[in-house]
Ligand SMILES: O=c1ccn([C@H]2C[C@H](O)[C@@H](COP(=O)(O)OP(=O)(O)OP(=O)(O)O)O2)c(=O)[nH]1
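As a starting point, one isolated chain is supplied in structure tokens, in the form predicted alone.
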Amino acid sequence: MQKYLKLIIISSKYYIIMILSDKRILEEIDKGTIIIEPFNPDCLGTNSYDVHLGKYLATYKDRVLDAKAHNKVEHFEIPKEGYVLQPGTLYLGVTLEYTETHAHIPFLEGKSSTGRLGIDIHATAGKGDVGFCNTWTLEISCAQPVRIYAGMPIGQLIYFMVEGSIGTLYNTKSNAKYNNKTTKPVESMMWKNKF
């Protein structure tokens, strides 16, 4: 079984990072530790799974956002003829796929084809937690105007092995901010933090 390895040195300690291969992702799906709905075998890459843009986008109602306030969004459906993203605006999108990850660390990255259109799909939040069970909200921005479509390939999930046992899965944390199952993008919940 082929695994992809990466060596990281932190404070003079060596860590080997393992990414799940296509065969291992399928094994974990069979075991129920990874769930992808809907699942399409054609979307399984060598060591990733392609996810697609859901039909909803959202933009913040206010142009100036406040990290201590609940910033409200307006949701809208992407028309059949597509929607033109504009530079200088943050769009929240959502994956078509609902996922659950019970034993691995999921990472969402953009596809190279998406990046070559000048589209970024996340500002900072590419890593999920073990126990994350939901669709993925995308923080979308673009370098120039670009038309996007519901259902288009938008990113890829990769899964990392976890070293050690998990004390609390994300979906069992009482203070987890993004546990409510949704098919629409979710705005920032930074305002729920104490600072």
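The numbering used is simple: start at 1 and walk along the sequence shown. Note that the coordinates shown come from a computational prediction; the quantities given were computed from them, not determined experimentally.
There is also a form predicted together with the ligand; it is not shown, and the following applies to it.
- Blocked site. The ligand, superposed from its pose in the predicted complex, has 3 or more atoms within 2.4 Å of backbone or C-beta atoms of the chain shown.
- Heavy atoms within 4.5 Å of the ligand in the predicted complex are found in exactly one of 145 to 153, 35 to 43, 51 to 59, 123 to 131, that being 123 to 131.
- Although the partner is absent here, residue 181 is not a contact residue: none of its heavy atoms lies within 4.5 angstroms of the ligand in the predicted complex.
- By the criterion of a heavy atom within 4.5 Å, residue 119 is excluded from the residues contacting the ligand in the predicted complex.
- In the predicted complex, the ligand sits within 4.5 Å of a heavy atom of residue 139.
- Among residues of the shown chain, residue 85 is not one whose heavy atoms approach the ligand to within 4.5 Å in the predicted complex.
- Shown without its partner, the chain has 108 as the single residue in segment 93 to 109 with a non-hydrogen atom within 4.5 angstroms of the ligand in the predicted complex.
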